[in-house]
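One chain is shown next in structure tokens, namely the form predicted on its own.
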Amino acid sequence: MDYLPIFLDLKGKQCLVVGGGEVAYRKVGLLLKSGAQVSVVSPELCPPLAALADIKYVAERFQATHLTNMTLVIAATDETATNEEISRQAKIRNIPVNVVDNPALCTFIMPAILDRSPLMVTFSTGGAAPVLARMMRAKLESLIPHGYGKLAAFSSKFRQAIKTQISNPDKRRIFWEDVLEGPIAEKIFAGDEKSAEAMLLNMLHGGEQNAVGEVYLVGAGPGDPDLLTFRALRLMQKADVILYDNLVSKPVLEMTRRDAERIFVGKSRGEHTMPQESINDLLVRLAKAGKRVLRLKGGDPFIFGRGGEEIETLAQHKISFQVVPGITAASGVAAYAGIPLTHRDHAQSCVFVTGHLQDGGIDLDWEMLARPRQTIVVYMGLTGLEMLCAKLVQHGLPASTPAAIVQQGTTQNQRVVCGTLATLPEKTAAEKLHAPTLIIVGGVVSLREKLSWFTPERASSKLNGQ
């Protein structure tokens, strides 16, 4: 180990930064966040540094007297001789010194920092590969959500009381593991500290823990796993049981906990593997058995996902739940297809509708949909596509209105067929598209030819020489 990793308490301590450029500005910012009293020595300051009101500015070149009463010093000039002199003088006085990008002159290294105060994680390669340290920090950004800072602060409030109440170290460790990995932590992550405190006090004073589990309604997005939110991924890897449908892509499903039980509750046209009422009942039954249940839905749970019906049932049975929004197909699929949903020259509004057939027809507000300068996004409209296009023309939209249908959007199997209200049904039939699909109608579709060269779909084609 080349360096001893330590954390310094600099609150109220005098610290010196020599240099007035962008690098010095970043170092000053870190010191100020730690509560230090910062002096900056430099003939000139860059505008961001000059704008800081909380520093003592000394408009001079470095002199050894500037080190008087300093607890720590950072050299951030672009002059080798000056940096060497700062290092030498600091070492003579046994003041910790860091010379930016010159480990040989340093007595301490500034690490890459993942700040979840009061939880702090730092990364360092001893100056050998600072970019690698920053890359490692970035990789852990998604694994350590900001909520862990709140959890650490919450835990500190009860640390002494729990130490007093539970004297056995092993039992105390188990207690804290239950707190930090269980429902109490989830309450903190969800912003419900009041309930978390009540649950912790109940545990601490020997109360019976509620055996009821919890349900997570998580939006899986339109298919590309890179579009998952950090919170969705965390709950996906925590759940005991997973209820998923056929709109959840296989790569997304593979990111759930490996040993979790998986139950398929999908629906396809004319065939329901499990009716919605049965899904609602199953969520309640599993939660009452103490399970952490993940209801994984394609897109967003509250946009044609029937998530509202499910949480109504959960609320009736007093089952705790969390809802995690997902990127809905309208925004995700349109973006990957190179079709903006709004555009100043083409559409000032956008409306989402579901186009599935009921009793052989589509019951929609056609006059509202057929307004000009509006984008229409139709979910589940493949089977009724011909009727949809005909109705829009019948109620006033020109037959030449641009329209597109996207199959398996955002995935490697994405296919896009463009045409007009007059031609799209025939083109779709010729391409033999199948669900899931999304239909986009409006002037914005005409922009696809220009913008799709910058989408993942076209980028993949170009890489393959197409």
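Position 1 is the first residue in the sequence shown; the rest follow in order. This one's a predicted model, so the numbers in the text were calculated from it and none came from an experiment.
The following text describes the form predicted together with S-adenosyl-L-homocysteine, which does not appear among the structures shown.
Student: Among S39, Q408, S34, T423, which has at least one heavy atom within 4.5 Å of S-adenosyl-L-homocysteine in the predicted bound form?
Tutor: Going through each option in turn, the one that passes is Q408.
Student: State the residue from M380, I242, I279, L341 whose non-hydrogen atoms include one within 4.5 Å of S-adenosyl-L-homocysteine in the predicted bound form.
Tutor: Looking at the other structure, the residue within range turns out to be M380.
Student: S-adenosyl-L-homocysteine isn't shown here, but in the predicted bound form, which of 433-441, 61-69, 48-56, 393-401 has heavy atoms within 4.5 Å of it?
Tutor: Among the listed stretches, the partner-contacting one is 433-441.
Student: Would you check, heavy atoms only and a 4.5 Å threshold, whether I303 touches S-adenosyl-L-homocysteine in the predicted bound form?
Tutor: Heavy-atom contact with S-adenosyl-L-homocysteine at 4.5 Å: present for I303.
Student: Contact with S-adenosyl-L-homocysteine in the predicted bound form for T328, defined as at least one heavy atom pair within 4.5 Å: yes or no?
Tutor: Contact with S-adenosyl-L-homocysteine, yes.
Student: Can V215 be called a contact residue for S-adenosyl-L-homocysteine in the predicted bound form at 4.5 Å between heavy atoms?
Tutor: Looking in the predicted bound form, residue contacts with S-adenosyl-L-homocysteine do not include V215, since no heavy atom lies within 4.5 Å.
Student: Under a 4.5 Å heavy atom criterion, is G384 part of the interface with S-adenosyl-L-homocysteine in the predicted bound form?
Tutor: Contact with S-adenosyl-L-homocysteine, no.
Student: Could you pull out the residues of 221-235 that have any heavy atom within 4.5 Å of S-adenosyl-L-homocysteine in the predicted bound form?
Tutor: Stretch hits: a single one, P222.
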